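One chain comes next, on its own, written out as structure tokens in the form predicted alone.
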Amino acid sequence: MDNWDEFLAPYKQAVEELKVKLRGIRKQFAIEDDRSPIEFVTGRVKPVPSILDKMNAKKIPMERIHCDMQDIAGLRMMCQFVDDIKNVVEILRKRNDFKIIEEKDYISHKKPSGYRSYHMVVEYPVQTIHGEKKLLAEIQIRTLAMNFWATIEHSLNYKYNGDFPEEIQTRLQRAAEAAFRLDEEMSLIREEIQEAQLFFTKKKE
């Protein structure tokens, strides 16, 4: 790649535009005085060293990274409850400003590591000075507990280069189950939590 800045520019534009649009969903719920299933939205463009590492690991040739690497542009949507994830997925399915290419449910079918999240790969059209350019972006939808576990696991994965010591692997799997049990317990008292949050919000206002 001769010019990574030029290659990644439309991906950066896509992330910024999608962050505004996805955060707009939360604002629309607020305008209608309704509870949003979205806590917050983040986004990033994969750094060049990470792109190169993934290319080598998955044997992706340079000329195919635009179609074989689906997460160069990445968005994360955080939810309080597992049921919120289902609501967010349905909202995204109804949109017509991007095309859903693939969905992966790692909540119902967790990864062997214990990882849970819902992934959507979308094709998003970016308007450039040279015309429209369609890019792939990955949207990950997860609870705060899932995100905490995934962030820790991601850091350890870099430290051990994916080859975790057995004890660390076992503890990570236990932690993943503990995080999921936390989500389940919070779901059981969801109404009480939401009533308390509504009371707090109104009192603050």
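Not measured: the values here are computed from a predicted model. Start at 1 with the first residue shown and count on from there.
A second form of this protein, the form predicted together with a small molecule, is not displayed here; the remarks below concern that form.
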Q. Within 4.5 Å of the small molecule in the predicted bound form, do K12, R64 and K99 each have at least one heavy atom?
A. no
Q) Taking heavy atoms and a 4.5 Å cut-off, does K58 contact the small molecule in the predicted bound form? A) yes
Q) Taking heavy atoms only, is S36 within 4.5 angstroms of the small molecule in the predicted bound form? A) no
Q. Going by a heavy atom distance of 4.5 Å, is Y106 a contact of the small molecule in the predicted bound form?
A. yes
**Q.** Distance check, Y158 to the small molecule in the predicted bound form, heavy atom within 4.5 Å
**A.** yes
Q.
Heavy atoms within 4.5 Å of the small molecule in the predicted bound form: which stretch in 128-136, 114-122, 91-99, 77-85 meets that?
A. 114-122
